[in-house]
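One chain is shown next in structure tokens, namely the form predicted on its own.
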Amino acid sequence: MQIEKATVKTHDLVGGDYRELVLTAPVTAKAAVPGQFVHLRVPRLDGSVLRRPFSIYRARDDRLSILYKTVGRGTRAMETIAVGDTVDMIGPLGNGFPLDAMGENPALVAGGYGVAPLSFLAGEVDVRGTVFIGGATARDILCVGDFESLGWTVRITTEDGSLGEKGLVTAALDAWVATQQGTPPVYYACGPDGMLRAVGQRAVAAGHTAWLSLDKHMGCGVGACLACVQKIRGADGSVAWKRVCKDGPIFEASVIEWDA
């Protein structure tokens, strides 16, 4: 982890309200692994002292990129970032997905821009499996070509039925799991908290392994402020608060103590 002054290489609209910000950040890009994130200081965001966390979408050579959706004041300010600007960034942060735990039958489950770190993951492993991408509408479905070009099978769901199957991504996952025989699936998931909880509970009930990238509001991003804590169960059965930014954001579903 370090502070790096990254230079904006490209900044493009990639569909719907989503943009890809590509940065020249050689130190962070070289060290990054799938599932980690960076903490950006957003330029021209007057009155804000907090950085914003973003999952790493791509990291290769000296380039690093993130995907984001314009949803509020911070991301609206990000839209003004121009090619050639310098962005103050801390990273890479977090523990990343375990690449050696994927097995022979992986299932990646993504909601919205939670697809970004899973796309990074898919390109860093030799095994191929099935990707489930869910969104509210067709405008929320991203990175399909990334996975298909790597040889992954892609299943799409939208809540309004505008693309792929109509319904929640967990319904498509349930239907797929019912057809699986032999090697049990291993899940890797990133997206909204409700989706993560649903995927994790399904995995635990079936005795499967699920690695979840928890979605928590972060303050400092480095474990100092304790704004993003989550109850995690230890090997002895005791429960302790863990920092999602520092101890995570990736946790195995069976150790997570969800709030009632």
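Remember, it's a predicted structure, so these values are computed and weren't measured experimentally. Start at 1 with the first residue shown and count on from there.
Omitted from view is the form predicted together with a small molecule, to which the following refers.
In the predicted bound form, no residue of the candidate spot (Pro34, Tyr188 and Gly194) has a heavy atom lying within 4.5 Å of the small molecule. Between the options Leu212, Leu67, Ala203, Ala59, the residue in contact with the small molecule in the predicted bound form by a heavy atom within 4.5 angstroms is Leu67. Here is the short version: of Thr130, Thr75, Asn95, Thr170, the single residue with a heavy atom within 4.5 Å of the small molecule in the predicted bound form is Thr75. Residues placing heavy atoms within 4.5 Å of the small molecule in the predicted bound form fall in a single listed stretch, namely 50-58, out of 23-31, 203-211, 230-238, 50-58.
Although the partner is absent here, Lys216 is a contact residue: one of its heavy atoms lies within 4.5 angstroms of the small molecule in the predicted bound form. Using a 4.5 Å cutoff between non-hydrogen atoms, Val83 does not count as a contact of the small molecule in the predicted bound form. Contact check for Tyr113: a non-hydrogen atom falls within 4.5 Å of the small molecule in the predicted bound form. Although the partner is absent here, Ala175 sits far enough away that none of its heavy atoms falls within 4.5 Å of the small molecule in the predicted bound form.
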